[in-house]
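In structure tokens, the next block holds one chain alone, the form predicted on its own.
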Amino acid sequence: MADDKDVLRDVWFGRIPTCFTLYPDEVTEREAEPFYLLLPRVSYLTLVTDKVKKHFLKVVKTEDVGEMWFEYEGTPLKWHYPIGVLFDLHASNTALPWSVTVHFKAFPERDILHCSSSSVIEAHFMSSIKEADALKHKGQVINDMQKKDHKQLWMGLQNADKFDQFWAMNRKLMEYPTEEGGFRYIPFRIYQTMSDRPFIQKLFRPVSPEGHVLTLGDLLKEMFPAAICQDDEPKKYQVVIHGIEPLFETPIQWLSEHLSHPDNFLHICIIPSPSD
């Protein structure tokens, strides 16, 4: 892969200042102070919120404690989406810190998966990596790795400062034969709040049959043409990856190598442009 290590590092160390507050109906005699955290964009809510749980359990009645879950402005937050995706999708144009509400009651069964332990997160994470590698290399790279290599990827994600440990192994998942010009298919997901569909995910090659390098704009033309406005039209949508709006001319292969999450998917959020 092209080695833009600074980009990889910036993506890895991206943080979102967040203020957690307990849902008012769940507050007991003692007032619950808000809890502030810098959340890693590339991690998962249920993986980095143990401190939040400990903080609020001090003021919640034991009989009221069910599985902890989070919401933002009435929308339950899906823990199996990376934190950066949740923020970009639901809160991109709001002031920081991100204000997230904590619940211990009334788990929204229809909106969120249960997450009883970190092993559930690990299984989801490894499943995503395997799916991504099936698209990129027919699963050959991940299948050639040993169990300890898989563990190194997971341990790297669990520890926010383990950039080098994670990338020592993840680099193998980002390689491809030079003559092919890229992966077999690009693992991507396109999210929108305006749709009932969870996300768009289809097969898309990084190079055309004629050998042309395909771009983010080419992907959007095929998957979500409304995101591309004509010259005289006002911009309807923002196309956001890791909190930035990449140029549509950016090669999709480069984006896949450098702006994918640790699960090896390129997560693209399409949100309505803010009205002035």
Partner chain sequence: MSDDGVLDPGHFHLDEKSFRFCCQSFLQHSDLLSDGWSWTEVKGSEGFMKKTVLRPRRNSPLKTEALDFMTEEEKVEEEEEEDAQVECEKQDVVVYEYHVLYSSSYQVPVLYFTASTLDGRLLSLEEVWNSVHPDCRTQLLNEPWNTLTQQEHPVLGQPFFMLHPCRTEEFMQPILETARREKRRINYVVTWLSVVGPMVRLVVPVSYCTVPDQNRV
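Numbering follows the first chain given and starts at 1. In this text the structure is predicted, and so the values were computed from the model without any measurement.
The following text describes the form predicted together with its partner chain, which does not appear among the structures shown.
With the partner omitted here, the residue from 72, 166, 104, 81 that has a non-hydrogen atom within 4.5 angstroms of its partner chain in the predicted complex is 81. Of the candidates 119, 178, 146, 93, 119 is the one whose heavy atoms come within 4.5 Å of its partner chain in the predicted complex; the others do not. Only one of 94-102, 169-177, 110-118, 152-160 places residue heavy atoms within 4.5 angstroms of its partner chain in the predicted complex, namely 110-118. Although the partner is absent from this view, residue 127 contacts its partner chain in the predicted complex, with a non-hydrogen atom inside 4.5 angstroms. Using a 4.5 angstroms limit between non-hydrogen atoms, residue 193 is distant from its partner chain in the predicted complex. Proximity of residue 234 to its partner chain in the predicted complex: non-hydrogen atoms within 4.5 Å are absent; the residue sits far from the partner. Of the heavy atoms in residue 66, none are within 4.5 Å of its partner chain in the predicted complex.
Contact with its partner chain in the predicted complex holds for all three of 134, 199 and 205, each having a heavy atom within 4.5 Å. In the predicted complex, its partner chain lies within 4.5 angstroms of at least one heavy atom of each of the following residues of 175-189: 184, 185, in sequence order.
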